[in-house]
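Listed next as structure tokens is one chain, alone, in the form predicted alone.
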């Protein structure tokens, strides 16, 4: 069931366009993450969905109602939404009173407030500090207080703007636990995040926002394994993005000219299309010489750099074009991989994701 629907949304500040023709729908009970570079318009879109400001053009529907119709409708809807800012706001009072203030403003009785806040203090792991002034807390603790205050009023929609920005891994894990708690309470969660892996861990769907335009919406597999265009691929960290032109297409078996060298891939794009061939580092096999293989693509090159990343080795290779491969530490040791050594990099046609250089939804 669609809870929030956005149609033709644009936002301008002065002569500057911040959001351009945004169309999307948020399902009731889902976790939706907005990802994109700084300045992409993520916070602005979140503020518009929270009805903290009005769009320049376009419509926002909440539970089927057009909130632009009347101020009364907007106020009623706004009470069903809680917004937690990137920089948490805490009042000069105890942690307990900070979390309880929303309930007090809504006229709840003391027994209900006491029971709910005591439970939330347990959830956020701050029971022992309930009487401590919230202004003395660390950034991660203050963020937990702000989220707990939002959860206390049991909103239908929880909006989180970069909830773990600049937090250490331990604090980040605790905030993510709170997001999971909100999901168990059947809240709809919409969040912005700069952390790509966080979006994969928490979200049912992800929207990619770049320069005020929504370039792709989908689940984590669609976004990270099948980016729609070069901009999305770059944003989600695809390391091998090779520019080229389709030179032939025979029943979706295409050849791609990448500046003298040829890559074979599977695609339905037409001859003459300017494309990007995306190859994941883990899909590249390294050998010391060419060997019989089912891989249609094989290039000789020289290792430029080898970097250890935990149990894996990141191998940068110059094949006339740059390639990055990931191999296990054991494989790297057995092959004697080091800077200056020549290797053969191979990858299958089916392991290449081909996209147009420019394509939008």
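Positions refer to the first chain, counted from 1. A quick note: this is a predicted structure, and the numbers were derived from the prediction, not measured.
Keep in mind that the form predicted together with a small molecule is not shown, yet the notes after this line are about it.
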Which one of 40, 31, 49, 317 is close to the small molecule in the predicted bound form, taking close to mean a heavy atom within 4.5 Å? 40
The single option of 162, 97, 141, 264 touching the small molecule in the predicted bound form, heavy atom within 4.5 Å: 162
Exactly one stretch in 301 to 309, 56 to 64, 40 to 48, 329 to 337 has heavy atoms within 4.5 Å of the small molecule in the predicted bound form; which is it? 40 to 48
Suppose contact means a heavy atom within 4.5 Å; in the predicted bound form, does that hold for all of 105, 181 and 184 with the small molecule? no
The small molecule contact in the predicted bound form: residue 18, any heavy atom under 4.5 Å: yes
Partner contact for residue 130 in the predicted bound form: the small molecule, 4.5 angstroms, heavy atom: no
Does the small molecule come within 4.5 Å of any heavy atom of residue 118 in the predicted bound form? no
I'd like to know whether residue 135 contacts the small molecule in the predicted bound form, with contact meaning heavy atoms within 4.5 angstroms. no
